[in-house]
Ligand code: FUL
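One chain comes next, on its own, written out as structure tokens in the form predicted on its own.
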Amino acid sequence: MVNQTLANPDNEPREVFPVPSERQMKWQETEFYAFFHYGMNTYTGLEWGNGDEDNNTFAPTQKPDPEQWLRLCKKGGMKGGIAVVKHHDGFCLWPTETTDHHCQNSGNAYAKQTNIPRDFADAARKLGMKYGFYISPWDRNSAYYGTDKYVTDVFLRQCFELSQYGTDQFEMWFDGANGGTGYYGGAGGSRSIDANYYYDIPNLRDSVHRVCPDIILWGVGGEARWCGTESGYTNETTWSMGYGLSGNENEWKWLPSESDAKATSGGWFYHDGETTKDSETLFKMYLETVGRNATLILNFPPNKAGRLTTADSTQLCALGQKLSQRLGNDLAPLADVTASTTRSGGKYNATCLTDGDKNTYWATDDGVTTATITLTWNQPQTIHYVMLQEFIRKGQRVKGFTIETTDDGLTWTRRADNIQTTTIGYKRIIPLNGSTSASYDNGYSVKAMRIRITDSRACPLLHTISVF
């Protein structure tokens, strides 16, 4: 007798390429995190410094407190943060060996104690949050910018220095600015480069990954994309491949979308007199980014004392309460869940959708690209939102779906029919009333709900349905 081993005993679906790397998966799962623009511009009132600022201009009125930044943002529902440690002016917020233009060369006593990468990383670990750093590739201070020496002796070395503050970093953020006028060591003038080649990104990416295996190099690093706006939204149709707001289902490279947005009325850096956007506006941003298959990096700029303001604290706490109240009590596990079709193999039943396990999923057989999933409750439930998540480790698939509800089990009504219910991806949150501006109203009394998959690139795979 010859024992035979089946090649695919569980009938596991094949990947639909492209698919995310493990580090891209971990990055996507961070979902919502903070941006902290702090540095020389905080004290000059500029957004883009020229690079000729006196080191003594960096003069905190207290010792900067990154733990306060992260603690407040954690209350706001965020899982991590990115600290700006070098902007276009070239001023570094750590004692780097690559330039004299850094914080500890200021005559200010608090500046001499400042090391933002060190303190930020320590605070993140203490609070159980993810962390990373923004470092501008463009340097308006360096005399070497535009030459090979800048890349090898300044930029790559600075990135390596930052990687030494922790191997557990999740993102290194590179702005797309590629030159222009500047101080450039006193030479002045204008310098421009081709960012596709100048920064030696393949070498940088490999070098950083050797030290920080889970880090995503955003922007010119080529592992995640800018959604194309700085207003806290992306399109209702969003693919995790391609570029811009919607991406492109036919692109070959996995390039998930990140939306960067300002939580204040001014610029990216702190400015006297600015106000903080209210928590309802911030919640709307969340629905229009995280709820549309993107991540959201929301900027809260520390003030001249190196702290977030009282107004920031108030709105962050209110935002965290809204996220918890509106998206924190999942009613789906209380429902009986069935599907019109289920993949053979015994592992892909509809119950996987409500078991709380992101590694189990419902699927259809190969070639079956439409299906209906029904959730039924013993007693009517008042609901406002539906959240869907694909098993994207095997690729993004769904191209169309609809949501219907009934309060009596007989008459079905389509919900959110003014929304493009096309892509799902990592996460899609649908306000059933069709509005992200006034999404939390009286809700709908629902006895049962139907989610119809109407089109898919291949057999659909969903790991979670949540109802709130």
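Since we're looking at a predicted model, the values are computed, not measured. One rule holds for the numbers: they count along the sequence shown, beginning at 1.
There is another form of the same protein, the form predicted in complex with this ligand; it is not shown, and what comes next is about it.
Segments offered: 424-432, 63-71, 34-42, 409-417. Contacting this ligand in the predicted complex at heavy atom distances within 4.5 Å is 34-42. Annotation: in the predicted complex, residues 87, 176 and 260 each come within 4.5 Å of this ligand through at least one heavy atom.
When contacts are judged by a 4.5 Å heavy atom cut-off, residue 385 does not count as touching this ligand in the predicted complex.
Although the partner is absent here, residue 254 is not a contact residue: none of its heavy atoms lies within 4.5 angstroms of this ligand in the predicted complex. Contact annotation for residue 122: none of its heavy atoms lies within 4.5 Å of this ligand in the predicted complex.
For residue 230, a non-hydrogen atom is located within 4.5 Å of this ligand in the predicted complex, even though that partner is not displayed. Contact annotation: of the candidates 165, 268, 150, 184, the single residue with a non-hydrogen atom within 4.5 angstroms of this ligand in the predicted complex is 268. 134 is the sole member of 134, 144, 283, 94 with a non-hydrogen atom within 4.5 Å of this ligand in the predicted complex.
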